[in-house]
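Read the single chain below, which is given as structure tokens and is the form predicted alone.
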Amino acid sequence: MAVGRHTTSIPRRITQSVILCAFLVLFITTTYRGGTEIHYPINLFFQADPLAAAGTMLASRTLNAFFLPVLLVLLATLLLGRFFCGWFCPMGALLDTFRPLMKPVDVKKVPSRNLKYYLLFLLLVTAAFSINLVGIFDPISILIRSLTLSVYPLLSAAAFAVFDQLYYWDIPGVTAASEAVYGVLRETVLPFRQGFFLLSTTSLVLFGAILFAEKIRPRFWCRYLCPLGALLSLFAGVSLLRRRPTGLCPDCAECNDVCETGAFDDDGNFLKGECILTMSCVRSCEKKRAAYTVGFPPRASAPSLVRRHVVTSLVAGLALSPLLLIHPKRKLKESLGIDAVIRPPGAREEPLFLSRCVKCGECMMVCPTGGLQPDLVRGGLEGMYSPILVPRIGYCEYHCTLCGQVCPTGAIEKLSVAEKLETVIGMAYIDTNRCLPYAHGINCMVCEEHCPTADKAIKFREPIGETSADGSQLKQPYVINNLCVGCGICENKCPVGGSGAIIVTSEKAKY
């Protein structure tokens, strides 16, 4: 069955446009917009992500029904080849959209295309030892995380600044029009609140590097680095897809010139696993020689990996596992039973949480207060980009369950509101050297006023004979440990400068 000659770029461009638009719409609908439920989260894309599925299930050693659609993707790949990368990957669609806007640069020396396979092997070996680093390199995770932490906050800040300035200038006719536009944008694409995130600059630089690498080679990320592409290539290598001819024609090499991924080796042989089915070679072939068919039995096409490099990547994966196990946070957990960081409500036990978290940033995207921030290394190297609560930036809203609703892998359990109210994520402590009533004899009841628990977890004691600066009875706050849920609002609202005089830690034990 010939499928190539009758295929043009238009269906692919339309498909990519639809996928990219759907991705961005789901991204916008997933961001916090004032509601209590997320009906269509962007994590739907992870259901078709074989790399996220493999890494999560290997590391957590559990099957996850969420990833069932991955089977369809793999079956389709065995039939048609690496179609997902060329047609349905939102990162690929974004790269194809931006590439025409950039002027190519002539760079002769580029990495080996096998680099992505070695990275894949390293990630899978570490996952087999319950260390899930897949999310750091998975293209869908990278895309969602980059948009969440840097691109969307940057664009929204710029939009807010422009509209604020136009409103301030109050230009007749212009300001009224801008306010009308602002009203529409506020209801559709602008965020409910301006986002502020740690690691935003790092995320922006990495994302920008992926985009600007298109100047060097089309689909640079997909050709040389993408571990998801490598995984699909292995399946595509044994697919029923066939290309005619099986290599470059002796009198013409145009197929290689127009191929977005350069799916031919140095000898001109066609590399089935590298083809992402753009059909550029078919459309550009003036002599009508090139065509794609599917047929049985499959003709296998394996990547020409260097054995020494494969062994190196496997050994690196083996060595990385114990290296991560000697992080000091392990000692804290094992000797005192204390987690190094405050995780979102509903987060699984720390080892299981880290084995499931794909570092996509969706939980941070929906956090109404911005308290969930990306970790760097406080939770260990394997916890990079995983969510932690930073109370000084934002607190955990008492009735909010959004982070559990959008977590694609179940690293954060979906809680009912009743369950959420009983969930303890940390405990507050008062620094009496800095707390105003203790250190300066000044009455302050901010922490007690904001404490959300039904029976306040912060109460006051009234030392006999001690008065505040205004002559009234001095009231000193203290924490009722078995009532505190560690939401962090007390630390967030504490008026003392710098670190709050009341601090929430990850300790959950009740005394």
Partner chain sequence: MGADATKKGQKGPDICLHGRLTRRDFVACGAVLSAATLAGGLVALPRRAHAAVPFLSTATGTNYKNIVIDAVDGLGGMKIFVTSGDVVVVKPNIGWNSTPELGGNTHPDVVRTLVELCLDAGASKVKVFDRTCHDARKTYDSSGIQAAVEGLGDSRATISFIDDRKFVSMPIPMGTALTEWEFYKDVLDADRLINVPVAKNHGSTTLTLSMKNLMGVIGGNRGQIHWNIDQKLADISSLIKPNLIVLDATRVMLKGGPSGGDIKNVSVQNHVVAGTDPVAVDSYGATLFGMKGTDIGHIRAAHDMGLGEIDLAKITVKGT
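The term rigid core refers to the maximal set of C-alpha atoms that superpose within 1.5 Å between the two forms. Here the structure is a predicted model, which means the values were calculated and not measured. Residue numbers count along the first chain shown, from 1.
Although it is not shown, the form predicted in complex with its partner chain is what the next lines describe.
Enquirer: Check Ile489 for me: does it contact its partner chain in the model of the complex (non-hydrogen atoms, 4.5 angstroms)?
Expert: Result yes; Ile489 sits at the interface with its partner chain in the model of the complex.
Enquirer: Quick one: is Pro368 in contact with its partner chain in the model of the complex, heavy atoms, 4.5 Å cut-off?
Expert: It does: once its partner chain is placed as it appears in the model of the complex, Pro368 has a heavy atom within 4.5 Å of it.
Enquirer: Using heavy atoms and a 4.5 Å limit, would one call Tyr395 a contact residue for its partner chain in the model of the complex?
Expert: So Tyr395 counts as contacting its partner chain.
Enquirer: Does any heavy atom of Glu179 come within 4.5 Å of a heavy atom of its partner chain in the model of the complex?
Expert: Looking in the model of the complex, residue contacts with its partner chain include Glu179, since a heavy atom lies within 4.5 Å.
Enquirer: Its partner chain isn't shown here, but in the model of the complex which of Gln47, Thr29, Thr36, Thr62 has a heavy atom within 4.5 Å of it?
Expert: Exactly one residue meets the criterion: Thr36.
Enquirer: Pick from Phe192, Phe212, Phe88, Phe196: which has a non-hydrogen atom within 4.5 Å of its partner chain in the model of the complex?
Expert: Selected residue: Phe192.
Enquirer: Determine which one of 49-57, 478-486, 449-457, 63-71 lies within 4.5 Å of its partner chain in the model of the complex, judging by heavy atom distances; exactly one does.
Expert: Result of the contact check: 449-457.
Enquirer: Heavy atom within 4.5 Å of its partner chain in the model of the complex: which residues of 396-415 meet that condition, in order?
Expert: Residues within 4.5 Å: Glu397, His399, Cys400.
Enquirer: At a 2 Å cut-off on C-alpha positions, does Asn482 qualify as shifted between the shown form and the other one after fitting the rigid core?
Expert: No, because once the rigid core is superposed, the C-alpha of Asn482 moves less than 2 Å between the shown form and the other one.
Enquirer: After a core superposition, would you say Asp455 shifts its C-alpha by at least 2 Å between the shown form and the other one?
Expert: False for Asp455: its C-alpha shift is below 2 Å.
Enquirer: Quick one: core overlaid, is Asp470 moving 2 Å or more at the Cα between the shown form and the other one?
Expert: Comparing the forms between the shown form and the other one, which are aligned on their rigid core, Asp470 does shift its C-alpha by 2 Å or more.
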